[in-house]
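Below sits a lone chain in structure tokens, taken as the form predicted alone.
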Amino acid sequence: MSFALKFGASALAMSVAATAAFADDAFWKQAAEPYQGVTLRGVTESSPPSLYIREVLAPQFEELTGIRVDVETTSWDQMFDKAIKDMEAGTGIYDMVYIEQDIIYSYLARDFLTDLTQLMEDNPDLVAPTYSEDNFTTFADYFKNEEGHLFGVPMEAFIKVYLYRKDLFEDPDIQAAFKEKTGRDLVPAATHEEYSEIAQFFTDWGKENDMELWGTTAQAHTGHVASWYEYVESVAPTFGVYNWGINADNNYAASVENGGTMNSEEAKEALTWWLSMRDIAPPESVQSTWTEVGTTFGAGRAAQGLVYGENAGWIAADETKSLVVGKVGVALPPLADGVMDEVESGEGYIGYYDGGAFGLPSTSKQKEAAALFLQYIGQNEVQPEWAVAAPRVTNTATYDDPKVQDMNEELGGYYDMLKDKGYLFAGAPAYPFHAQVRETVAPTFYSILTGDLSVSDGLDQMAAEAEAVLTDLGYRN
């Protein structure tokens, strides 16, 4: 049960009742008239933003238009498997599919998606008066082609942030003990060295005080791509290794020998540091994906950690799920020397700007009806309740809403960070070969995690493997 669902019944009732206040009822009813009896089907990940669509927005849309929307929420891997198989086979099972920011380029290369901008231009009678592509934040740019046409309506966007336990960091006894042990004040870490020191201190503190408390989280599953993603998207950039270490401007080189950075000294330092943090994290960390990391932090088992922003809402405010409500602070990730200067000059980024959109498969048999629903979830008017229920912002107007501002305080300024510092973060690189490289190098990465390969040998092997598959795919010559 997600934080979004805590609000399910009340939000649904309030949203349906408020529809007339923010939407042109006449437009929706008239535009939907040809599609009465139609059932749209969508598939997405079982995440707080998606659950809000299923529990609130889909029923609200059906109440207004008479078009039924069935949203299937499942695991991350099953979501992609079902959507891709449907689009490959052309069966048209799904009318909406979740597109994660990092796979959009592969989908575009395979013509999987409908050009929404063109669809609206060709069907002006379908364009809702409350919908405009101009409403979206610049995150929508990740879902556009080279001509600037939109291929997905953004439904979630968030950064992976450094969460820390304010109640622990501000406890006088803990502050005194930390000062005595380290000689410095206990504040959120700005460097990896400081982060390590804090992590070790709290892991020791938990042992000494017979507490189920550790110093850090770690998304370190030894057989799931979540661990590889944490390293390449959230850890390596903080050491100055960007875009997975692949140099697209130099023949897509990955190895240092050929001009890449996948096996650079900075990459090896980054992975060594991350593994050292994993080793003093809660024992479940070696089986943790993005979901379990949030659960670990919400259970009060970690003093600090890198956590996806979509989980920040329920961790900070949902008393039915979280044991640390009102105790959560937000900070930027720790960085190596010089990284912020590179980022500010446009040469890199400090962490992952994640998110996704709902796209319309080219194989859908109900494109016009689906286009109505996608517009519905893209309106400014439905965003504030959604942002409160599941911390994600896709529309610029959302930040100024009073409800969102109130939630911002509960989240320790998370929305302010997203708005003011979001430019420091970045999504996955625009690689159409994303999945092929990931699947090629991930097994080697897991071998590093299990100790079957050293960090140095493993990253050397990963760089060679990446270059080999890129050569086979025709990107290297």
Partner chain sequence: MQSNRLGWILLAPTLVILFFFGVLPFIYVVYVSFHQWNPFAANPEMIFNGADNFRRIVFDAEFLNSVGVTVAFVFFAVLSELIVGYFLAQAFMKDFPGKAFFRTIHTLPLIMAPIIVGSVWKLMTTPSIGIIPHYLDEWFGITMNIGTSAPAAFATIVIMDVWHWTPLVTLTLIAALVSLPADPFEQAQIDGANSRQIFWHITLPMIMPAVVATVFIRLMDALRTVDEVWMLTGGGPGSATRFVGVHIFKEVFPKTNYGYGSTISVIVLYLTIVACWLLYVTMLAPRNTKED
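The model shown is predicted, which means the values in this text are computed figures rather than measured ones. Numbering follows the first chain given and starts at 1.
Below, we turn to the form predicted in complex with its partner chain, even though it does not appear here.
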Tell me which of 446-454, 26-34, 422-430, 55-63 has residues with heavy atoms within 4.5 angstroms of its partner chain in the model of the complex?
446-454
Answer with one of 167, 401, 292, 197: the residue that has a non-hydrogen atom within 4.5 Å of its partner chain in the model of the complex.
292
Please pick, from 81, 344, 257, 180, the one residue with any non-hydrogen atom lying within 4.5 angstroms of its partner chain in the model of the complex.
81
Is residue 110 close enough to touch its partner chain in the model of the complex, meaning at least one heavy atom pair within 4.5 Å?
yes
Does at least one non-hydrogen atom of residue 38 fall within 4.5 angstroms of its partner chain in the model of the complex?
no
Using 4.5 Å between non-hydrogen atoms, is residue 85 touching its partner chain in the model of the complex?
yes
Using 4.5 Å between non-hydrogen atoms, is residue 301 touching its partner chain in the model of the complex?
yes
Even though its partner chain is not shown here, does it sit in the model of the complex so that 77, 223 and 286 each have a heavy atom within 4.5 Å?
yes
Taking its partner chain in the model of the complex, which residues along 459-477 bring a heavy atom to within 4.5 Å of it?
472, 473, 474, 475
